[in-house]
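Single chain ahead, by itself, as structure tokens, in the form predicted on its own.
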């Protein structure tokens, strides 16, 4: 029954927390590639190699379905993985899907031509690698027309969060929002395109203003996963145990993760 959750570091724990609350009877195995975080400054080939290695480890743990709870991996590696690497009896899904579903008010399987949507001006906050991939804009263009997306690469935010320096993370978020607003003064919606960013959602909202709808990923992913497993119950793998795996120092990562989720988390070596 186990489902795998993959992330470059700790940010995917925001997704894990949401899916565990939504699907309490499903065992989840979390893999954090902390030794190689952050992914947001790596090139696409590097991200692909690291992501496939982590996904294979989750398959070994009995997870036939793996969620890439990492926007950089979803942007830089997922399509290539799905087209030429993932076996027919496995599935790897990304976290852009629920965001675009929410923004365009249409289901992922809806292959009708792109159409007008209510929101016209969208701010995207993401890692440098996600921004440079233009994956979000490409997927959005398949489903909506007339939407102006202004992307802001948020360098340094993930590093600060991973190090537990939330004062620096807040300062960086405000700086990046200011930079975005110089390019798009009145965004109608903002996408937090990194699973670390929900930890700073209140700061993003305050800096952007109450009139801007801020889309975060964790709860959207949880609802989409619940729907997917209802439609594809055969994709729950043979694994029966929940667990936490890391390529980093398990003791240090466990301490950071416990601070993240405010409950005891114990990682094992991957």
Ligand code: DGL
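Positions refer to the first chain, counted from 1. Since we're looking at a predicted model, the values are computed, not measured.
Heads up, the form predicted in complex with the named molecule isn't pictured, but that's what we're talking about next.
K.L.:
Even though the named molecule is not shown here, does residue 161 get within 4.5 Å of it in the predicted bound form, heavy atoms only?
P.N.:
Answer no; every heavy atom of residue 161 is more than 4.5 Å from the named molecule in the predicted bound form.
K.L.:
Quick one: is residue 38 in contact with the named molecule in the predicted bound form, heavy atoms, 4.5 Å cut-off?
P.N.:
Yes, residue 38 is a contact residue.
K.L.:
Classify residue 194 as contacting or not contacting the named molecule in the predicted bound form by the rule of any non-hydrogen atom within 4.5 angstroms, answering yes or no.
P.N.:
Because a heavy atom of residue 194 falls inside 4.5 Å of the named molecule in the predicted bound form, the answer is yes.
K.L.:
Of these, 20-28, 6-14, 242-250, 255-263, which stretch puts a heavy atom within 4.5 angstroms of the named molecule in the predicted bound form?
P.N.:
Result for this chain: 6-14.
K.L.:
Using a 4.5 Å heavy atom cutoff, which residues in 70-101 contact the named molecule in the predicted bound form? It's fine if the answer is none.
P.N.:
70, 71, 72, in sequence order.
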